[in-house]
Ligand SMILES: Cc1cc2nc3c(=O)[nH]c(=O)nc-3n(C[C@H](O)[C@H](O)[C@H](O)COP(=O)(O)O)c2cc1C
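Single chain ahead, by itself, as structure tokens, in the form predicted alone.
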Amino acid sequence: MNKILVAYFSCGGDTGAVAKQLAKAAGADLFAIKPVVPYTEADLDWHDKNSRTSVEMRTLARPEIADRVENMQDYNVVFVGFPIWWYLAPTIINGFLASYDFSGKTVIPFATSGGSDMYKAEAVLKPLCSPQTNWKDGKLIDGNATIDDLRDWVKELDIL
């Protein structure tokens, strides 16, 4: 039987809400990916080219992550969730994926978005994992997805 983790980054709460429901649907543990320095509302202003997130996304800077997953080696399946920023995953996700050896594990990204797809995000994230990682195609999840919707997706993935 697979031991499953849902790791997620969320600022506005949408991705966090989906992650919590997904963890219930998959019988998974939950881990919030948080920066050492939390984001302020001004940091998240994508209209401001000098805001923290604008600079991070433009320079691909990786914010330092506050905590590590204990016993990552025990997990066989890791869902990684994030909002879409500038058609990509926030760079903290790059840092998260680069921080662990996912060889032999299944990694499944999921994202929330106001309208963007996640194709570009996956193209950047997948190479951050070992070639021995079983990378599954990600899913853009509507913030209104029900736990039944998420259970159906988990069943389709055939990871239980």
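All residue numbers refer to positions in the sequence shown, first residue = 1. Note that the structure is predicted; figures quoted are calculated from it, not measured.
Although it is not shown, the form predicted together with the named molecule is what the next lines describe.
The single contact residue among I65, A61, V124, L44, judged by any heavy atom lying within 4.5 Å of the named molecule in the predicted bound form, is L44. At least one heavy atom of S10 is located within 4.5 Å of the named molecule in the predicted bound form.
The shortest heavy atom separation between V77 and the named molecule in the predicted bound form exceeds 4.5 Å. Using a 4.5 angstroms threshold between heavy atoms, S113 counts as touching the named molecule in the predicted bound form. For the chain shown alone, T53 is a contact residue for the named molecule in the predicted bound form, at least one non-hydrogen atom being within 4.5 angstroms.
Partner contact region in the predicted bound form: 45-53, out of 45-53, 65-73, 30-38, 131-139, criterion any non-hydrogen atom within 4.5 Å of the named molecule. Contacts with the named molecule in the predicted bound form, taken as any heavy atom within 4.5 Å, map within 67-99 to P83, I84, W85, W86, Y87.
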